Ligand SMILES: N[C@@H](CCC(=O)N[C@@H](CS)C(=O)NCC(=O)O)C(=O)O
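A single chain comes next, written as C-alpha cells; it is the form predicted on its own.
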C-alpha cells in the first residue's frame, strides 16, 4: 500500500468511516447546491460527509490557501474568506459555519431530524481535525493550473480513501467540479469492485448516481471522473490524477 493510500485510509478511520452510507429517502433539490470549500479543511469535511449521507450533489468551488480563482469571488459574495460556504439556489439560503450548514441540509432535505451523533459537536470537530492531520497539507495549498471551460464531474463519496486523493488534486488545481454523490446503500456495494466482478455480484442500487454510472460505463467504481470538455471518462485514482495533471497543469 502506498503512503498516499495509507494516510487516506487512516483519515477515513479517524473519522469512524463516516461519509460512506447514504440514505435513499432524502429529498433531492431541483438545482445544484453550491459549496465553496477546500479539501483538507476539517469543517468542510463535515459538510461533505452530510452530502454523501443525504445523497446530495453539489457544484464545488475549490478554495485552497493561496488560491485566486474562487476565494476572491467568495469574498465579494459573503464578505469573508471563511469555509465552508453553502449556497442553495432552490431556497436562496446562503451560510457559513459547518454545523449551521449541517442542520440546514437535514432540515431542508433530510426530513428535519439531525442524527444524534452530529449533536456531539466537540467530538465531531476533534476527529475531523485528526483526519486533517493525517493528510498533512494534501489538498490545502493552490498550485498553478489552467481552468476548464466546463466543470468536471466526479462520482465520489466522502469516506472513500481512493476518491480523496482525486478531490485533493482538484482542490489544489482550483478545478471546479460537480460532486456526484455515490454513497453505499446496498450490502453488495460494500465489497470492493474487483471482488464484486469476480463473484459476479451487481448490486441493485437505488441511488440515482450509481444507477447512472452503471448505465454509462457498465460498472460501479469510485472514484469516476468525467470531463465534458474532452469526453474522457476514467476510473482509478492514479489514472485520474495523471489525466488531471496532463490536461490542466500550468
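Residue numbers count along the first chain shown, from 1. From a predicted model like this one, the values you see are computed outputs, not experimental measurements.
There is also a form predicted together with the named molecule; it is not shown, and the following applies to it.
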| property | result |
| --- | --- |
| Proximity to the named molecule in the predicted complex, single hit among 107, 90, 82, 137 (heavy atom within 4.5 Å) | 82 |
| Option touching the named molecule, based on a heavy atom within 4.5 Å in the predicted complex, out of 26, 58, 207, 41 | 41 |
| Heavy atom of each of 181, 184 and 216 within 4.5 Å of the named molecule in the predicted complex | no |
| Segment assignment from 172 to 180, 149 to 157, 110 to 118, 97 to 105: heavy atom within 4.5 Å of the named molecule in the predicted complex | 97 to 105 |
| Proximity of residue 77 to the named molecule in the predicted complex, heavy atoms at 4.5 Å | no |
| Any non-hydrogen atom of residue 69 within 4.5 angstroms of the named molecule in the predicted complex | no |
| In the predicted complex, residues of 122 to 148 near the named molecule [heavy atom within 4.5 Å] | 125 |
